[in-house]
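For reference, the chain that follows is the form predicted on its own, supplied as structure tokens.
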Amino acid sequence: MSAPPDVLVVGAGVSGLSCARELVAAGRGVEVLDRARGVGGRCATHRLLGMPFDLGVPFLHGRNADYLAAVRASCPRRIEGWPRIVQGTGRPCQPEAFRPGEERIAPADGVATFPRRMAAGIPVRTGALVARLDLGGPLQGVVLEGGEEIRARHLVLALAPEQVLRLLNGVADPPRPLAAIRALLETSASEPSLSLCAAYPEGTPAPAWDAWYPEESRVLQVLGHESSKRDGPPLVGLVLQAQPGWSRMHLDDPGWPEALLAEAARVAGAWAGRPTATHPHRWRFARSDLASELAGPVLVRLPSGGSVGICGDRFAPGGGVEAAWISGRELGRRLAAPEVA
């Protein structure tokens, strides 16, 4: 049997991968688990009729120099400043992306390029759903769905607040600091998002905009012109993202894709409601509520000498991918410090 890793990271989104990269660079043994089939979380790219569609985060933005350097190093093929042509005065999901000093980057091969490059050289196990935690022994453990146990000295939870809370609620008699964190997480919430990739027939005129934030719609938050991010796109493609409130109301409604297309037709014209192919996706935990953000990641020392860390886009100012990357990096550095080893 192989020796357990020093650190077990649950969640292969940007925060978990950022944390793992710091630990690997410091020579620590790391294993990353994720329930999905691939890495990246909401930095997700889906290929539809041969073209990449960013069905979660439409572009990467920020102002932290180290984060922007990491994005550019991972995405040599990119469009700087996308979206360049913005129509409408509706509220973006992250208004700060358009404020002075923010830099916007659209990877030409899709935003998933960033986490995929981050994952290079890191032991990542996908399709691994963590059912519960076991923090009672000298090593911290997770129990996967199906009963397999994996243990490490240190445990990192790089998940949405609701997912972290579900796991912590299953821990009997948690240490007082961990119980306090659990109470804090009960006050947080994530916003959902319904997202639809839509590919249009050959000959469809390309829209004149890169992104449209329709101010009069109570359904659509943004229409993203995906083909404007691609080199020699084979088709016209849009990603339609619903507003958080509408998404919450229709999350389990099977007819939501048709409703989004009907609204797109109303806003942009009949052509927008007649794609040749679509791909829907439900994001139950799309982004953290900025009203509940924290200044940094959490690291709780346990009586065993091990620790439990929590990071994610809630655990750094500003939210979004940049905050997730910063919080993961900070937690990784704290875990890599000699006094924690």
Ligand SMILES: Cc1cc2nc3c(=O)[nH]c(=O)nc-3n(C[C@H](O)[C@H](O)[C@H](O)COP(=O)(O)OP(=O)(O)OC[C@H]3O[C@@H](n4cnc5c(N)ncnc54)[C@H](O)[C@@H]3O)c2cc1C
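In this text the structure is predicted, and so the values were computed from the model without any measurement. When you see a residue number, it is the position in the sequence shown, counting from 1.
We do not show the form predicted together with this ligand, though everything after this point is about it.
Looking at this ligand in the predicted bound form, residues 43, 129 and 320 each place a heavy atom within 4.5 Å of it.
Interface membership of residue 166, defined by any non-hydrogen atom within 4.5 Å of this ligand in the predicted bound form, is confirmed.
Of the heavy atoms in residue 20, none are within 4.5 Å of this ligand in the predicted bound form.
For the chain shown alone, residue 275 is not a contact residue for this ligand in the predicted bound form, no non-hydrogen atom being within 4.5 angstroms. Contact annotation for residue 14: at least one heavy atom lies within 4.5 Å of this ligand in the predicted bound form.
Of the candidate stretches 155 to 163, 204 to 212, 249 to 257, 168 to 176, only 155 to 163 has residues whose heavy atoms lie within 4.5 Å of this ligand in the predicted bound form.
The partner is absent here; in the predicted bound form, the one residue of 316, 30, 308, 57 having a heavy atom within 4.5 Å of this ligand is 57.
Out of the listed residues 48, 286, 68, 300, 286 is the one that sits within 4.5 Å of this ligand in the predicted bound form by at least one heavy atom.
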